[in-house]
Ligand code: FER
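The chain below stands alone, shown as structure tokens; this is the form predicted alone.
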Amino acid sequence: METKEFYINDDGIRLHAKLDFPSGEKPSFPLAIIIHGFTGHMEERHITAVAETFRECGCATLRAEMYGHGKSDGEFRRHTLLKWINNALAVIRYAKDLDFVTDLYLCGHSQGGLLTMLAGAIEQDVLKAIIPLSPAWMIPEEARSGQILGVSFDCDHIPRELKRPDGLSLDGDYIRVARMIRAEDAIRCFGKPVLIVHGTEDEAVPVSYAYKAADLYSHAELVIIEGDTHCYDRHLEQVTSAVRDFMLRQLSSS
């Protein structure tokens, strides 16, 4: 399998990307964009497994790392959801211009799942379907509540910097931006097929948010993985099976 590693430019910010092709000699095929989560990167076990599943279904895959993550430009502490949205739109723009692409799909995990929901609503004209995995769409709600990602703060006086229990720091702008986002509006806006996958023992995102999102979407399929964690440490094969089944149905209807 040929892998192309390169950078996508987003207004001067370089986003690390890898493009992989499915087996076979077809001149054109669908493309799935895959985005990691908060503190994540493109080489995580669950990201590479899902990417391989897309390729087994006959799709090319474009894995991209967002601002402040992996090998992309920017400091982790200074990333915000708005920066990530701009990043995702730049990646989608790049993908739209590839001459071999027939259909585009967008998949993201955790904060990347939230990003998939937001960017999906913006770019639903060009996306065939979206696949949010363990989507952390409670982040904006938590940013308005005074407690986010394990850190408490005063909603009326957002600090310049937040230090997480794990030692990582976030700029206060992360909260200021997140609290202005209404994920529910993006969810209601997307009218195409959606697959949501979530583990019942997710330690980062309550599984209740998966049920809420499925109810808000007009065409959502929800797969609950019993006993699994946020990054699918126990039953990753059930996640890839759900993605495979969903994608084969989408591709057969094209």
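The first residue of the sequence shown is number 1, and the count goes up from there. What you see is a predicted model, and the numbers here were worked out from it, not measured in a lab.
Heads up, the form predicted together with this ligand isn't pictured, but that's what we're talking about next.
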Candidate stretches 189-197, 208-216, 35-43, 22-30, one within 4.5 Å of this ligand in the predicted bound form by heavy atom:
35-43
Taking heavy atoms and a 4.5 Å cut-off, does S110 contact this ligand in the predicted bound form?
yes
Quick check on K18: any heavy atom within 4.5 Å of this ligand in the predicted bound form?
no
Since only the chain is shown here, I'm wondering whether L104 would be in contact with this ligand in the predicted bound form (any heavy atom pair within 4.5 Å).
no
Within a 4.5 Å heavy atom cut-off, is L89 in contact with this ligand in the predicted bound form?
no
Among E142, L170 and Y174, does every residue place a heavy atom within 4.5 Å of this ligand in the predicted bound form?
yes
Note which of I122, I158, L82, M138 lies within 4.5 Å of this ligand in the predicted bound form, where distance is taken over heavy atoms; exactly one does.
M138
Counting any non-hydrogen atom inside 4.5 Å, which residue from A95, L127, I181, L149 sits next to this ligand in the predicted bound form?
L149
Contact check, 45-74 vs this ligand in the predicted bound form, heavy atom within 4.5 Å, ordered by sequence, gives none
